[in-house]
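Two separate entries follow, structure 1 and structure 2, each one form of the same protein chain as structure tokens.
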Structure 1
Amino acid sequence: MINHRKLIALVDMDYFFAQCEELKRPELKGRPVAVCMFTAPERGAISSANYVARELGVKVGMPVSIAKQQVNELVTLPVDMSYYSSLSFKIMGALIAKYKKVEVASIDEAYVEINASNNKDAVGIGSAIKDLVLKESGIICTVGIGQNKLIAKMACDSIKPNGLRVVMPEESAEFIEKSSLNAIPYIGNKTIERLGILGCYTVNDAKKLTVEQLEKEFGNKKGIFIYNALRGIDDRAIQTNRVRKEYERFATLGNNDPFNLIDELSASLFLRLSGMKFQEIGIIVIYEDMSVRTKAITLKFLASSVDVLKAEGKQLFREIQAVDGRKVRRIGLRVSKLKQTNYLSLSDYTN
């Protein structure tokens, strides 16, 4: 009897926004292309860049002005969310129709539950997924397969672009141990710096820390996450009707103009929403003494416009500062009362 094992595949559409633009405009193929969230003419940030641009030093989040100084021939294009969403809808619909148990994690990522008895089977399924995505949309993707979401993501990140990597359960421990700390999802530079202070520079170093030591250093939730992640443990199940209640973004003010910063936060938040509609907008102001003031507004309509985010965010900030004009350290922008659109609703694909 063949022993089939449940595995999880992460399907990641490579440099999705920029790749969509290459499909729309084939003449861009081979040229450095960046999709930008503009806050003013020639002002804004890079939200996606193709690999030609990345090899020349263009990075996601980089200011447009700096990117263009660095790469004179860089093609910069505005975000076309409706077009990207339409391609995402085709891809996610095709995945759900064939594999049933699919979690749409974002506009360009999905987790798929599969069954495979060995590495060869898993590679065959991964190849079939890549072929399906290409056939439905013209988009190339990378697929990482592992025993859980954590391993699947690490496998995917290690083989981009247009790659396929399978890490079978019996290979997981060695795969994690040979990975760098920053290859583990959600372990960023600041966490790595703090682990370094504790004398931990590799996965094996960090595994010597007890869960109590990690909880003391990073807090209960993150400490337990790090302890488990170092061992490849992740019990998150596939959520076929994933619903996010709110999104938020924070940034330190520094010497920036607060209204310019709110423009940038709005642009970043709008991209993260990926076409979702919202009805509530909130501003969070953190002062130098770390005290916090918040204010929110519920709109009379469902919005899906970055301009609404900018305008309401600025007005809320003005209202807070009119009452309390202390020096601001950080600003946060939040949206809630969200409505699913297009690619995020499973019922949209199956009705």
Structure 2
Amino acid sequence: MINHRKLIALVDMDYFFAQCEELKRPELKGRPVAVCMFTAPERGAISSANYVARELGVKVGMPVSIAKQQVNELVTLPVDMSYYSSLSFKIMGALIAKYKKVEVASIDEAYVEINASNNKDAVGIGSAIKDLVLKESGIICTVGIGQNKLIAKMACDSIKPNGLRVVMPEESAEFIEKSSLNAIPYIGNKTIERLGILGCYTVNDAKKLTVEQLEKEFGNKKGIFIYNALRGIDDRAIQTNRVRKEYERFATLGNNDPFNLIDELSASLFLRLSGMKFQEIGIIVIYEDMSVRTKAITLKFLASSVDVLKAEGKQLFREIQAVDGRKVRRIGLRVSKLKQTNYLSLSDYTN
């Protein structure tokens, strides 16, 4: 009897925005390239860097000015979201056409359910996915395969760029034990620092903590996630119906200027939209006493610009504060009435 096993492949494009730029302008190949979210000429942060730039020390999130100081010959380009999303839609459309269960998780990554009875089968399917992506778009990606989303993601991260790695279910425990804590998704620097205070520096150290200890330290949801992740357990299903009706971003004001904060929220929200257009913009203002006021505007047109988001967000904030000038604790920005701009719409994904 053939023993088919359900596995999950995570497909993630390598240095996606920067690779798209290399496709657009082949003369960039071999040079250090960074795509930047500019806030003013020469100001902003690195959003994606090719591997040539990364080897020279350029990192995502780094201010453009620092990256330029470090790498004189760095080519810095502005975000061309509609081009990246058109390539993304070609790729995702091809994956959805070929495989039954696909979850588009972001502009450059998708989870694909596959059936494989052994490592060799899984490697074959992984290479077929890489070939399909390359043929459809010219883009190189990395594929990680495992028994769940967590292992697939960690396998993918461990073999970037242009890689393929299969971790069969019987290899999962050892794979996780040999990983460093920061290789586990959602375990970031802050979590690692707090685990360190508890005397845990490796996966095996952290496995000695009880679920109660982890819940006490990180809250129920995250505590349970970490407890399971350390054991390679992750029961998140592949969600094929990812038709989102709205997106939002929140941040705490602290000593920041609220208008600067709205600019930052706009930039982050705009990136998340990955080229989707929006017609409704809303602001959520949370005061020190935790009371909330909201206001929204419906535009006369479908917008796709970060500047519209910034300007309307600030205007809504001014209108709320003109009536209610109390001390603000947090601000949220939301967009709704969304429409996909490319030839494949998000609802096409679910058919």
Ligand code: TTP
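Here, a residue number simply tells you its place in the sequence of structure 1, counted from 1. We call the rigid core the largest set of C-alpha positions that still match within 1.5 Å between the two forms. Not measured: the values here are computed from a predicted model.
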I need to confirm something. Of structure 1 and structure 2, which is the form predicted alone? 1
Align both forms on the core first, then report whether I187 has a C-alpha shift of 2 Å or more between structures 1 and 2. no
Rigid core fitted, is the C-alpha displacement of D131 between structures 1 and 2 2 Å or more? no
Would D324 count as moving between structures 1 and 2, using a Cα shift of 2 angstroms or more after superposing the core as the test? yes
